[in-house]
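For reference, the chain that follows is the form predicted on its own, supplied as structure tokens.
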């Protein structure tokens, strides 16, 4: 990008993390919010992250001070819009408020400025319609914690130009991120299979298939992760899991309907009770059900051309920190066995889930997925 000024709208946890990344890469960053107190909290978040980085030897004290110096806080949208090349919106998930913001920004920014939304659930195409730059509007979905997690989804709306996508892929790499492309569809790439993974844990609890400690243990073993779905939901917030599932349900149909258990837990405003004895005899069946849902949904999103197989796997390993992605795991399990797991999910769904044709065809040939795993970094 010719110009080196990036504006981030929103100084909350995500906005502050997003602002830190370009500052570390030498960009001039403007962090905007409606009140000075919010901006101060944003700087406090950045300083806390950087201090931890200093303690771990990731950055020096001098580098930390320079990163802070590169970031300007303001409540003046016009000031932040002047001379900017990219605007990243990172406010709360409210479609109406986001639309109002982008309408205002459209009048303040020059024609060549690219707009990007950090939304994890709202339609990029719908947001772009509020502007006169639909070809220069896309999604930049950073993963938590935004200052550290290397994954970013670059999402194309219906009218996003290839040039805009290329620019955002390039800038993401410049920020030290690993970008993956996704189409504007419910859940984009990663949440499309991750959120149902959480929901399926609740469904298994609802079906009395196993208790919470057993489901968490099975998930940790199957996916090579440190936290199971229930511990994770307690840490990140049950409302996030519920609302994300509701969003998928609205966009994709009844298979994605939130589990009754998840709904009740959300309404109770309490965290999951993690106590109980491990039911060792249920571990394998829980693993198979997790894999069946994850394999099926991952194949669906690739079949619908939402994302590539390789990008789907990168989303899992980089964004979620799983030991392997869905397609690599299918290769490890075996394609025919993977199809068996997905068939079991389809049968239990009572017609709400269709086994993807690409998986059926792959199983007929009984060949592993061809995955291009070489990545060149300059």
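Treat the numbers as computed from the prediction; the structure is a model and nothing was measured. Numbering follows the first chain given and starts at 1.
From this point on, the text means the form predicted in complex with a small molecule, which you will not see here.
Taking non-hydrogen atoms only, residue 289 never approaches the small molecule to within 4.5 angstroms in the predicted complex. Within this chain, residue 90 lines the site of the small molecule in the predicted complex, having a heavy atom no more than 4.5 Å away. Taking non-hydrogen atoms only, residue 324 never approaches the small molecule to within 4.5 angstroms in the predicted complex. Although the partner is absent here, residue 368 is not a contact residue: none of its heavy atoms lies within 4.5 angstroms of the small molecule in the predicted complex. In summary, the region of this chain contacting the small molecule in the predicted complex, judged by heavy atoms within 4.5 Å and restricted to 313-321, 29-37, 59-67, 348-356, corresponds to 29-37.
Taken together, the three residues 155, 247 and 297 all stay farther than 4.5 Å from the small molecule in the predicted complex, as judged by their closest heavy atom. Of the residues given (125, 119, 167, 149), 119 alone sits with a heavy atom within 4.5 Å of the small molecule in the predicted complex. The single contact residue among 261, 98, 177, 181, judged by any heavy atom lying within 4.5 Å of the small molecule in the predicted complex, is 98.
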